[in-house]
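Read the single chain below, which is given as structure tokens and is the form predicted on its own.
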């Protein structure tokens, strides 16, 4: 989208240019003018689709210039940025057809939400509208990292989806090791340190590519580098990722901090992972209480029970009664296959296709993607039908 910015603030120009470059399609600041009078005296030869007006330096006597600006670019969308309340300016903005008014300093999330509305009205569509799924451990050792990484691989190989997994562990993140022996060239902290460069090619260049359709953005090796990540950085990364990947998986770990909360705010579904043991259930209840206090919709929170064995003293019905949340899937206690997979850094679907863990991953792919039964059965039968001859 081509835009004209009217502002004297070079910092604001850099900020909007950086945020605009992260969008798909990108927002291109094709021209700038120092004031509305300058914009009226020097009209653009190529009509912009968007005119952004910084009203922080506008005098009350200049408010009427907005209407003239609207008449000069009748097909353009108008966005007004202001750092204080000016009733006369807002009235003239309404007359000029301004529908988007944002407060300064610029809040990035509000800016992108406004741009989403403008893009939709202008008929500019994104390449993808990927789903963001977060996996969070209720207790240490629950298996959330194994499930998130292997599920990403299963989505890519069984359903043909383009998948990105982001390791959000602030300390000792090792998601990439579960599915690859490659050493990450770049990490989440490196991406955040260069957030102005973030677009689809740059993001792809920073990944550990497990398969053509599945990549992992690794966590930092040094916990001190994790401080590079800020909540607004996560907004930018997820925005780009949604537009280029069918599924974005977040391995959140156990920490609840500003970065992980911002990531969880942007998810479509949260999968707390636990085992059927009283300490896990206790921690799961605490986690769900936090989610309730944050206003998260419980319908978007789906429990996953790992290492599940039928006939135990604790049943799934007991878990549901204790937590009041749906158990969407169970993973079997397939110790040998899972341990071999983790120790070798090879996805369990690749290493042991006939294992119970692999079949459970396939069932979860069916569940999440909602593939037609006949189509998904064809995929899985082709995969598992050869397993007996291979092993």
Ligand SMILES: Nc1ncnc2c1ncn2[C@@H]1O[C@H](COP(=O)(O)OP(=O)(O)O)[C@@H](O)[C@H]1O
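Please read these numbers as outputs of a predicted model, since none were measured by experiment. Numbering follows the first chain given and starts at 1.
Omitted from view is the form predicted in complex with the named molecule, to which the following refers.
Of the candidate stretches 101-109, 78-86, 210-218, 303-311, only 303-311 has residues with heavy atoms within 4.5 Å of the named molecule in the model of the complex. For residue 143, a non-hydrogen atom is located within 4.5 Å of the named molecule in the model of the complex, even though that partner is not displayed. The named molecule is not shown here, but in the model of the complex it comes within 4.5 Å of a heavy atom of residue 333. The named molecule in the model of the complex is approached by residue 342, whose closest heavy atom lies within 4.5 angstroms of it.
Using a 4.5 angstroms limit between non-hydrogen atoms, residue 242 is distant from the named molecule in the model of the complex.
Contact with the named molecule in the model of the complex, judged by any heavy atom within 4.5 Å, is made by just one of 262, 233, 161, 139: 139. For the options 178, 247, 153, 271, the one in contact with the named molecule in the model of the complex, meaning a heavy atom within 4.5 Å, is 178.
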